[in-house]
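Just the one chain here, laid out as structure tokens, in the form predicted alone.
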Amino acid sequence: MSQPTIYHIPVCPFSQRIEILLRLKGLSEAVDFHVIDITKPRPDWLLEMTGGTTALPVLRDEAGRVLKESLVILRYVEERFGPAPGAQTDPMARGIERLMITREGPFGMAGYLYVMNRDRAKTGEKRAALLDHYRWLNDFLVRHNPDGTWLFDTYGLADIVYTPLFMRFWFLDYYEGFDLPQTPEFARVTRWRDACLEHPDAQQVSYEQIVKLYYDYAVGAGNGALPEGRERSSFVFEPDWPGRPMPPRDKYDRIASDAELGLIAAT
């Protein structure tokens, strides 16, 4: 192995963070990316490498050493390939950056729990929980850079960490009709989110791709699990997503069939 390899899930937001950072540094070719099919059991060689854990991404360096967790791998990239552009170098700015990043886990979880919910009576509760996180982010941005676009003057590590989550939340737009309220309390975070979505180094995935591949999440089945009555996951490699129709939006009423989702190859 001549350079590090990252093993990851297709359209994985945590892997995309690393791809964005490498592209921002002009080092997209410095790491090999190897896709793992999550619709099948993890291969034995991968489980042996990870010590039995199934979470991805995982990085293996040229010496065979292994790192897990996307935030840890981002730090590895920073320290191996240089601090700029990316993480802040001033100690106080780095502390502010890290503080904002501590909220990414609960923020992402709120969005995934929202899309996976199939109880209409709980929809308002899930929406409110996500908006609470957006409200915190808005206040944080107003406190540290009220008139800017990013957390600091340029697109950096904290922005990179959140960008893939904003993109995955396209599934909330499609399946839940969710968007940020156009009110002053969300104005700053809306400006930030929209700029993150449009950043040229963060275009590894598309709206259509997210909506199609994450259909199973919208009906309560995540990480390659099969929804009731289905035989193929929406994450299958073939037929590939560009040739599939857009999924139905009525997630609370039924689960679409394999054929309706275009998951059965034409014969």
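Everything numeric here is computed off the predicted structure, so don't read it as measured data. Numbering starts at 1 and runs along the sequence shown.
This next part talks about the form predicted together with another copy of the chain, which is not shown.
> Just one of 38, 219, 205, 49 has a heavy atom within 4.5 angstroms of another copy of the chain in the predicted bound form, so which one?
Spelling it out, the residue with a heavy atom inside the cut-off is 49.
> Which of 128, 109, 72, 142 has a heavy atom within 4.5 Å of another copy of the chain in the predicted bound form?
By the 4.5 Å criterion, the partner-contacting residue is 72.
> So in the predicted bound form, does residue 91 come within 4.5 Å of another copy of the chain, heavy atom to heavy atom?
Yes, residue 91 lies within 4.5 Å of another copy of the chain in the predicted bound form.
> Under a 4.5 Å heavy atom criterion, is residue 120 part of the interface with another copy of the chain in the predicted bound form?
It does not: once another copy of the chain is placed as it appears in the predicted bound form, residue 120 has no heavy atom within 4.5 Å of it.
> Using heavy atoms and a 4.5 Å limit, would one call residue 195 a contact residue for another copy of the chain in the predicted bound form?
Answer no; every heavy atom of residue 195 is more than 4.5 Å from another copy of the chain in the predicted bound form.
> Answer yes if any heavy atom of residue 172 is within 4.5 Å of a heavy atom of another copy of the chain in the predicted bound form; otherwise answer no.
So residue 172 does not count as contacting another copy of the chain.
> Of these, 205 to 213, 57 to 65, 28 to 36, 221 to 229, which stretch puts a heavy atom within 4.5 angstroms of another copy of the chain in the predicted bound form?
After filtering at 4.5 Å, what remains is 57 to 65.
> Give, in sequence order, every residue of 87 to 105 that has a heavy atom within 4.5 Å of another copy of the chain in the predicted bound form, or say none if there are no such residues.
90, 91, 92, 94, 95, 96, 98, 99, 102, in sequence order.
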